[in-house]
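Take a look at this one chain, the form predicted alone, written out in structure tokens.
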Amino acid sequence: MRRFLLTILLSLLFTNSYAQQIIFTPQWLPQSQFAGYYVAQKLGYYEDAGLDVVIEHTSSSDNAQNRLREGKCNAITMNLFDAIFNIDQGMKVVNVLQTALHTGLVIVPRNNDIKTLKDLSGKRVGIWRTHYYELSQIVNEDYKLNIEWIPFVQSVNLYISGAVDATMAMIYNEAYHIYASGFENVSFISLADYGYDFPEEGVYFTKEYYEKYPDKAMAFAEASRRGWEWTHEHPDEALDIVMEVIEKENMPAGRQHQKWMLNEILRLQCDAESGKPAFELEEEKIAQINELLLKYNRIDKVITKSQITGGQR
């Protein structure tokens, strides 16, 4: 009887601990892309909100979306395009905070004769194994490019070695590495210029956690928002906090690159007219993504803002 009661007690303690703790997985390795969350943790914003937050980073072989599906975390960052696609496919998530308003997705040609999307017709283009697959395929179909996609994990070695004619890149990450590798006259084809300026990172909780602990999920969102607002006001100090996290995780990342990245990330969060971050999902962008996904039969039905946000915003 005592053993039985002990088992029940331990089970209750474990369940309560899980409920109290939020395991948050950003969509990539430690870097300035996630500065606001590091700031919120370092400055005690999560603790002030009564939250026990653990930030567990993903890896090239264990992406954030898989971790969420497997129950390894409660919340992740995910771009809006993937979120709409995944919700249609059955992923039960709720967006509690939208950070990015714009995309930093670019294609970097290796040859100066490639200046537009149409110039990529029949070319070999590098692409991540786990990111932006659906969008890249749609761009390919939209412009009838017949691109040969060459998958990579995280390196720009395919580009540097000449194994591809161009590569997908984030303006704040791979594009920087290419420039730093000696390709100083490189140009970028920004997908935003071709009508694909879709919001990137937002914070998504599992629907199960959100429905059980809505106050905690929204408290996490508010504390994270405070972290990003502080980062906008104190970018140099925020960069110091980012470098602390990187060093703690033993990641090979230089301060100059992280500064470049932080500047770009903060720019992508800002509204073009006001120059300030809005932290809000735009109906227009949701409608554009739905239209594109429906046009190319990637989803079966429109995914509304209410579905994405759990009806709260």
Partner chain sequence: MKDSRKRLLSSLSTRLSLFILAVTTTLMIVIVALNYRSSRDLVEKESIEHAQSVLNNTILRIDNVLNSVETAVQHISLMVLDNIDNPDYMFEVTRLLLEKNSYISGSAVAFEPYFYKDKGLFYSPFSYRENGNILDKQLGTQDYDYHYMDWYQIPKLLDKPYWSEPYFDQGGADIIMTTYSYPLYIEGKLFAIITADISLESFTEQVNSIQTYPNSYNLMIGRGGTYLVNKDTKAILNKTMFEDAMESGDDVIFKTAHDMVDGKRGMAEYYHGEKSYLFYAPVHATGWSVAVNCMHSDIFAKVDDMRNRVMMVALPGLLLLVILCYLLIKYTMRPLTEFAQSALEIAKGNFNARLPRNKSNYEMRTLHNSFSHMQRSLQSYIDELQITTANKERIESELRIARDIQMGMVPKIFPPFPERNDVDLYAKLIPAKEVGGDLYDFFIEDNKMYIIIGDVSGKGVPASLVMAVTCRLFRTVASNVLDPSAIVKSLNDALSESNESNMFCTAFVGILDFETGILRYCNAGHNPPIIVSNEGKASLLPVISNLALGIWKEFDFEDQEIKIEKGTNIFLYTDGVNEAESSDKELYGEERMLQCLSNHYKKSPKDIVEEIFKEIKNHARNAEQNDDITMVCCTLLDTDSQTACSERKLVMRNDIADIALLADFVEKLSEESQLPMDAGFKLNLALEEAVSNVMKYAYPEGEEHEITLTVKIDAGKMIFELSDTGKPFDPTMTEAPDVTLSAEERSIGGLGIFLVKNIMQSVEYHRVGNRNILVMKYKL
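Small disclaimer: the values here were computed from a predicted structure and weren't measured. Positions refer to the first chain, counted from 1.
Omitted from view is the form predicted in complex with its partner chain, to which the following refers.
Peer 1: At 4.5 Å between heavy atoms, is residue 112 in contact with its partner chain in the model of the complex?
Peer 2: The answer is no: residue 112 has no heavy atom within 4.5 Å of its partner chain.
Peer 1: Can any non-hydrogen atom of residue 155 be found within 4.5 angstroms of its partner chain in the model of the complex?
Peer 2: Yes - in the model of the complex, heavy atoms of residue 155 and its partner chain come within 4.5 Å of each other.
Peer 1: Could you tell me if residue 274 has a non-hydrogen atom within 4.5 Å of its partner chain in the model of the complex?
Peer 2: No, no contact at 4.5 Å.
Peer 1: Using heavy atoms and a 4.5 Å limit, would one call residue 215 a contact residue for its partner chain in the model of the complex?
Peer 2: Close contact is absent here: in the model of the complex, residue 215 is far from its partner chain, nothing within 4.5 Å, heavy atoms only.
Peer 1: With the distance limit set at 4.5 angstroms and only heavy atoms considered, check whether 160, 179 and 257 all reach its partner chain in the model of the complex.
Peer 2: Checking in the model of the complex: 160, 179 and 257 are all within 4.5 Å of its partner chain.
Peer 1: Please name which of the stretches 47 to 55, 248 to 256, 279 to 287, 264 to 272 has residues with heavy atoms lying within 4.5 Å of its partner chain in the model of the complex.
Peer 2: Among the listed stretches, the partner-contacting one is 248 to 256.
Peer 1: Which one of 138, 145, 150, 186 is close to its partner chain in the model of the complex, taking close to mean a heavy atom within 4.5 Å?
Peer 2: Spelling it out, the residue with a heavy atom inside the cut-off is 150.
Peer 1: So which of 226, 234, 207, 124 gets a non-hydrogen atom within 4.5 Å of its partner chain in the model of the complex?
Peer 2: None of the other options qualify; the answer is 124.
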